[in-house]
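Before any questions on how it binds or moves, here is one chain, the form predicted on its own, in structure tokens.
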Amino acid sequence: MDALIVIFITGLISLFVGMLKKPYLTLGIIASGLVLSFCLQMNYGNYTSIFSKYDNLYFNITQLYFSEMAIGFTLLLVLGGFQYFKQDIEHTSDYLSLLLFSLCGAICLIGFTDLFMFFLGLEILSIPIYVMVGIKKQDVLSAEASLKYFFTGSFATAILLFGIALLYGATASFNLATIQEAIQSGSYSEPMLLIALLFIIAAFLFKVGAVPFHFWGPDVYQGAPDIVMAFMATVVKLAAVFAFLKLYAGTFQFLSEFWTGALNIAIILSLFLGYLSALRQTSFKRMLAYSSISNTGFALFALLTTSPSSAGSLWVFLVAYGCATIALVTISMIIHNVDDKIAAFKGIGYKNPFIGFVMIMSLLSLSGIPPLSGFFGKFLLLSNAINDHLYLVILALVSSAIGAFLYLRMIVLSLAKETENTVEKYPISILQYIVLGVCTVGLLGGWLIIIL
């Protein structure tokens, strides 16, 4: 709770500091607030907080790890995207503050204990993103993406609210522990509860961008600024997937026979439709959006088992996926890929060996090549499900081969040698070096993550 308060206050302070039109001062305040909140989460439970009696938010060791990951990713995105945001001095603090306010919603989604806090967290997470997607006011694609995301997001929220209302009607409670007790004891209205589960799972599949509710993803990713797209693909996705895991693999686990079938279909469709669609793309953002759909399919494997290790496996997978995504988006900003073309990465390994190396590591990790972190994340998720869902694991391996072809094709493009006359060096800021360095450590340290 203390970390949440610090993040919120930091966002408010940065809004007022923005009137001074000093972007680096705003950056210092925001970075300090994020570091402080990260430290508070690391020391959660080691001191007595004035908010300790507030029981609508609770963080066990797993939730602390996920909240720390969300804070860490946000810090990397703030540092990596600062070169873009500082171009508009008038609104630099506004943009960065909106990211922090959205992060507050992500923290609530990770630590909620009742459906009130769950819904508040989801809306606090989403509303700033509706604004951020459309911040490029002169860009038609940005305006279209913002409007499309707002309307489809509102529709998903309405479905979710209807599901929550039915869930309350079936169990007479919004508290997760009470709902779980009612399900275990059988003291609930079965038709109403089962319909509620279907509505809620549909809303969740929309929020995480899984098939068949993925249609908004490519257009929104393409229209959003690079750093906002990266925030959606990492922080928003990890918070939504973990909330999904908490509800369905936790509270609703005793009804898994009912909802697992629908989830299996969503996983299979996401795995194949995402990668197959990504193969046809020439836009970098749309390619990343479609590959994100397939990676969501892998993340959903965590819901198929009640094993205590499923959350840990999901954490490793999301660390690898997040580091790779942030690195690729940062590289796209470094090379000024304004036209959003995959072809812009051609020969980048010759133009700048460092960013070429980071790009190759990111793509290999997304492919699941050992010994990178992406391999360990996929391996852990699939190994947990192999006993009860062997056919799904086999299909996931087939889709991984398709994904490997997609990413290896980009690696070949990045290593394509150009004539000396076209070779140019890309300027990289100190902050971008830090972001790429941290992401590389995350990608190369998969074995260390498991040991820890």
Partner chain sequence: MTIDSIVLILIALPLIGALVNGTIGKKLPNIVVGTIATSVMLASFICAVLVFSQFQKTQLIHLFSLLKLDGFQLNARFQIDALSIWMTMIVTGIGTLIHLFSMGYMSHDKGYYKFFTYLNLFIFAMLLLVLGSNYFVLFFGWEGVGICSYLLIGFHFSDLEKGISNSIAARKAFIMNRIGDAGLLFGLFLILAQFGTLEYLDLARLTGPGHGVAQTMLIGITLCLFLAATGKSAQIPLFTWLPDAMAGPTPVSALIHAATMVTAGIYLVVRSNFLFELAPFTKDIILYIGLATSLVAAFIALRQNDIKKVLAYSTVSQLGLMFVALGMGAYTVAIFHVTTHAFFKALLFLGSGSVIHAMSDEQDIRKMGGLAKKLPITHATFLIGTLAISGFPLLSGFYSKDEILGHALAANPLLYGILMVSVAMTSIYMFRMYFLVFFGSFRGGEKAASHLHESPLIMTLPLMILAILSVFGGILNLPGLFLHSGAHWLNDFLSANTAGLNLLLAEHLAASTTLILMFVASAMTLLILIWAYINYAKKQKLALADEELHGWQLWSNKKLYIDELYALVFVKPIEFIGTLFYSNFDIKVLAKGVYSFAQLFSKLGGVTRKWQNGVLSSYLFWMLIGLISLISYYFIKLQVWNF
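Positions refer to the first chain, counted from 1. Keep in mind it's a predicted model, so treat the numbers as computed, not measured.
Separately, the form predicted in complex with its partner chain exists; it is not shown, and the next lines address it.
Novice: Would you check, heavy atoms only and a 4.5 Å threshold, whether P218 touches its partner chain in the predicted bound form?
Specialist: Residue-level check for P218: yes, a contact with its partner chain.
Novice: Test of understanding: in the predicted bound form, would W259 fall inside 4.5 Å of its partner chain by heavy atoms?
Specialist: Close contact exists here: in the predicted bound form, W259 approaches its partner chain to within 4.5 Å, heavy atoms only.
Novice: Do P308 and its partner chain come within 4.5 Å of each other in the predicted bound form, heavy atoms counted?
Specialist: Output for P308 is no: heavy atoms all beyond 4.5 Å of its partner chain.
Novice: I268 near its partner chain in the predicted bound form, any heavy atom under 4.5 Å?
Specialist: Result no; I268 lies far from its partner chain in the predicted bound form.
Novice: Name the stretch: of 70-78, 210-218, 318-326, 235-243, exactly one has residues whose heavy atoms fall within 4.5 Å of its partner chain in the predicted bound form.
Specialist: Result for this chain: 210-218.
Novice: Report the residue, out of A202, M333, L176, I342, that has at least one non-hydrogen atom within 4.5 angstroms of its partner chain in the predicted bound form.
Specialist: Answer to the contact question: A202.
Novice: Its partner chain isn't shown here, but in the predicted bound form which of F301, Y290, F284, F252 has a heavy atom within 4.5 Å of it?
Specialist: Exactly one listed residue reaches within 4.5 Å, namely Y290.
Novice: Would you check whether its partner chain, in the predicted bound form, lies within 4.5 angstroms of a non-hydrogen atom from each of K148, I159 and Y188?
Specialist: All three within 4.5 Å in the predicted bound form.
Novice: Heavy atom within 4.5 Å of its partner chain in the predicted bound form: which residues of 270-284 meet that condition, in order?
Specialist: Contacts from 270-284: L273, L276, S277, L279, R280, Q281.
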